[in-house]
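Shown next as structure tokens: one chain only, the form predicted on its own.
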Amino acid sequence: MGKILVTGGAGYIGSHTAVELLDAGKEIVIIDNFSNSKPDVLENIKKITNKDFKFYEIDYSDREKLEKVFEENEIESVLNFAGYKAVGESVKKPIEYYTNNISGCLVLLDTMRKYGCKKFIFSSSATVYGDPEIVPLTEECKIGGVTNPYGATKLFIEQILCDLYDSDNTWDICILRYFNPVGAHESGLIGEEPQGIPNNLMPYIVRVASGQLEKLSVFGDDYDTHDGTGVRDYIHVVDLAKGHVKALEKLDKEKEGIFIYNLGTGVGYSVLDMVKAFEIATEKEVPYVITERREGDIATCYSDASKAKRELGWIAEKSLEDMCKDSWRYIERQLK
């Protein structure tokens, strides 16, 4: 049986997916350069699963080192979590985002081609839909008009994958468009660990609740939503990780194809909904202040994930309360 290469496997979504793959009896190889993750995550994956795996500390854009991974392991499929992922940061550092996300992915795909490995699952994002014309968003909605460089990198890679499949339809490609991943593993051993000031809402909320940060900045309260704050589809990271296992099972069954799925709950919550839900779930106060809108943000975005349910047999099962409690449990462990 071949192995599954998990790039960025020590990162937030990569580590949770590694757990689900190991629990499903898969053999994995992880690569990570720890640019946005920590080495102890790997030990925690082993603790949670009681299983071992091979690890290489490399950058996925380093062709020579990546080839060594393919030389030394029989890789049959690749899940790519090595992209940079912060919307705000991408506006400030577009060159870094284009270089890491697109150039890195091209090196990865070219190396896969060289070694005859043609099963690929790509972490895309709801940002490819741009400012949605209609919600909920289905996979048939038009893509493009992205509002930040992060979204542009996802859009370009989706196009690259479509062109790659057109040129050689022996590839099996699954594009998963994530909505907003939050939460942590229920063990509290792995979770979202942003370096420096968090870019995403939930890690910010938990750091305010724990006293590490003074208050939450809510970017804009004049959007056309029920309370004026931005509405998003928040999905528990463990549900998201399970979606990758289901996608891999589909690629193992199908004879070649390119498949696209939304992974979300289908429910939109505003920033203030999230703050209130967190306060209720954890009995912790989250002081906040309303500030200017953030560049590149849109008012409302949530998914129609019925295609993933139909074709993958996947559905998001965890509640908003689970998301809040699991996020808090993770940060509490960090503080001990």
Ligand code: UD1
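This one's a predicted model, so the numbers in the text were calculated from it and none came from an experiment. When you see a residue number, it is the position in the sequence shown, counting from 1.
The protein also exists as the form predicted together with the ligand; that form is not presented, and the subsequent description refers to it.
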Given the ligand as it appears in the model of the complex, superposed onto the chain shown via the C-alphas lining its site, indicate whether the pocket is open or blocked by backbone or C-beta atoms at a 2.4 Å cut-off with 3 or more atoms counting as blocked. blocked
All three of V87, S125 and R294 touching the ligand in the model of the complex at 4.5 Å, heavy atom to heavy atom? yes
Just to confirm the contact call: exactly one of 250-258, 212-220, 100-108, 72-80 touches the ligand in the model of the complex at a 4.5 Å heavy atom cutoff, so which is it? 212-220
Please pick, from S187, Q159, T138, N200, the one residue with any non-hydrogen atom lying within 4.5 angstroms of the ligand in the model of the complex. N200
Can you tell me whether T265 touches the ligand? I mean in the model of the complex, with a 4.5 angstroms heavy atom cut-off. no
Might G230 be said to contact the ligand in the model of the complex, defining contact as any heavy atom within 4.5 Å? yes
In the model of the complex, Y234 touching the ligand (heavy atom, 4.5 Å): yes
Hey, in the model of the complex, does Y204 get a heavy atom within 4.5 angstroms of the ligand? yes
Only counting heavy atoms and a 4.5 Å limit, does any residue of 135-169 reach the ligand in the model of the complex, and if so which ones? Y150
